[in-house]
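Next comes just one chain, in structure tokens: the form predicted alone.
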């Protein structure tokens, strides 16, 4: 990646995207895009008295059956207490199941139940539709740039792990 000093040595015209107003515009577009990207899921989850923390847990548990609770804590970067409340809600609604690890019986492994799989698929379908439309409208070069920008927003000490987890290169 290019560092800021080498970027500053380029012509001023090529640095227009680094101006304060462009950075603010990017922040605001990210905010509104994120808001609307989650709006369909938020509405569906609200009918079940569930929120975004539940959605994130469902997503990553659905993506990786038998996900260890400790790994989910690492992914979500929330406290054990917060995750405990979310998992309790999902277990009570029969959306996930929990079982001990095969090698270490103290380990708790999580997976979606059939009801959890159905909800996860429903939420994912809406988001996939919105993402596919946006990607089609933007085109492949913009999509590649968008992915680079999003990867650049991930904390440096987490970036390699996250990119490996999602199956993306740098």
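Positions refer to the first chain, counted from 1. Here the structure is a predicted model, which means the values were calculated and not measured.
Beyond what is shown, the protein has a form predicted in complex with the DNA; the following relates to that form.
Partner contact for residue 75 in the predicted bound form: the DNA, 4.5 angstroms, heavy atom: It does not: once the DNA is placed as it appears in the predicted bound form, residue 75 has no heavy atom within 4.5 Å of it.
4.5 Å heavy atom contact, residue 123 and the DNA in the predicted bound form: No, no contact at 4.5 Å.
The DNA contact at residue 107 in the predicted bound form, heavy atom, 4.5 Å: It does: once the DNA is placed as it appears in the predicted bound form, residue 107 has a heavy atom within 4.5 Å of it.
is_contact(residue 70, the DNA) in the predicted bound form, heavy atom dist at most 4.5 Å: Yes, contact at 4.5 Å.
Three-residue site 47, 114 and 127 fully in contact with the DNA in the predicted bound form at 4.5 Å by heavy atom: Zero of three within 4.5 Å in the predicted bound form.
Stretch in contact in the predicted bound form with the DNA, which is absent here, among 61-69, 114-122, 22-30, 138-146 (heavy atoms within 4.5 Å): In the other structure, the partner sits against 61-69.
Residues of 50-85 having any heavy atom within 4.5 Å of the DNA in the predicted bound form, listed in sequence order: Stretch hits, in order: 51, 52, 53, 54, 56, 68, 69, 70, 77, 78, 79, 80, 81, 82, 85.
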